[in-house]
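Only one chain comes next, encoded as structure tokens, the form predicted alone.
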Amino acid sequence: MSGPRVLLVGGTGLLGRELAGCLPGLGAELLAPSHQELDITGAGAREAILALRPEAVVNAAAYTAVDQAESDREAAFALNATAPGLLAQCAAELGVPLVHVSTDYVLGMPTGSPHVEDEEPHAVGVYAESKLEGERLVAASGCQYLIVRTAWVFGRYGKCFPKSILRAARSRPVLRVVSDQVGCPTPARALAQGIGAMLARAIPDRGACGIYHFAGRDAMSWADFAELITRQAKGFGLLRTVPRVERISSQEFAAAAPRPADSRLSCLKAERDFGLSMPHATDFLRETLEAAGE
């Protein structure tokens, strides 16, 4: 007997490729159409989704160019808000669960402690606003939803902070890295495995619903993370010398879009309800850094 038919949207991205690898291992029959085969922002998307008749939907698609979103609001909202709302409406019509991946950016106001799921959102910037609107549309759809907020995702596929740092470290003696933003680096493979476990519970259990956080166990600044990356890369034989990390402020970095100063996420709810264990970044850095040279 085949497992549940799971529609994966965004299966070619950093997280999507990890999900595409792990969901079949959990017994799912994976439906992972390409963007050309299913454009969730285009006309006819609803009919195409309903015709597939999935038994669960996982949305890993997102507009993630945070700075570019400031001048590309329409595209950011189309993919981060309108499209998740459509997926949720389809899930409600089919009577199946939806897992929607969201972000720490919707909780942009520091609280002095790790953010919890039921605190009041505070989105600053177009990217954050679009992701928050996506959450609201999903929650208002009436479907059984799991909104999974995460932060600082890195992994083997696509672009990510550790790969960028490794490349820069091979040619520069000094790296200027922001030190006044704190978060929890999250390995994409561990996140995919966590989502898979949550989905496996949600398919038979209609009570599995709500907002959950899943992020790495260890909190650090971007500068701390850069130092960890370069030390580990040297230990793995991927760097000859370790560059010095010069700590700078967010103001000095001068990005077009604002970033949360404190992206720490409390994941106690996911640990309690699903028996999950949050990962350590160090357990997944080697595979990520080695992939940077491929």
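All figures in this text were calculated on a predicted structure; none of them were measured in a lab. One-based numbering along the sequence shown.
Heads up, the form predicted in complex with a small molecule isn't pictured, but that's what we're talking about next.
Contact with the small molecule, judged by heavy atoms within 4.5 Å in the predicted complex, is confined among 169-177, 125-133, 89-97, 110-118 to 125-133. Although the partner is absent from this view, V101 contacts the small molecule in the predicted complex, with a non-hydrogen atom inside 4.5 angstroms. For the chain shown alone, D39 is a contact residue for the small molecule in the predicted complex, at least one non-hydrogen atom being within 4.5 angstroms.
Contact check for A62: a heavy atom falls within 4.5 Å of the small molecule in the predicted complex. Taking the partner from the other structure, the small molecule in the predicted complex has a heavy atom within 4.5 Å of a heavy atom of H35. Proximity to the small molecule in the predicted complex, defined as a heavy atom within 4.5 Å, singles out one entry of M220, I203, L79, A139, which is L79. Residue in contact with the small molecule in the predicted complex (any heavy atom within 4.5 Å), chosen from I165, L146, A151, V106: A151.
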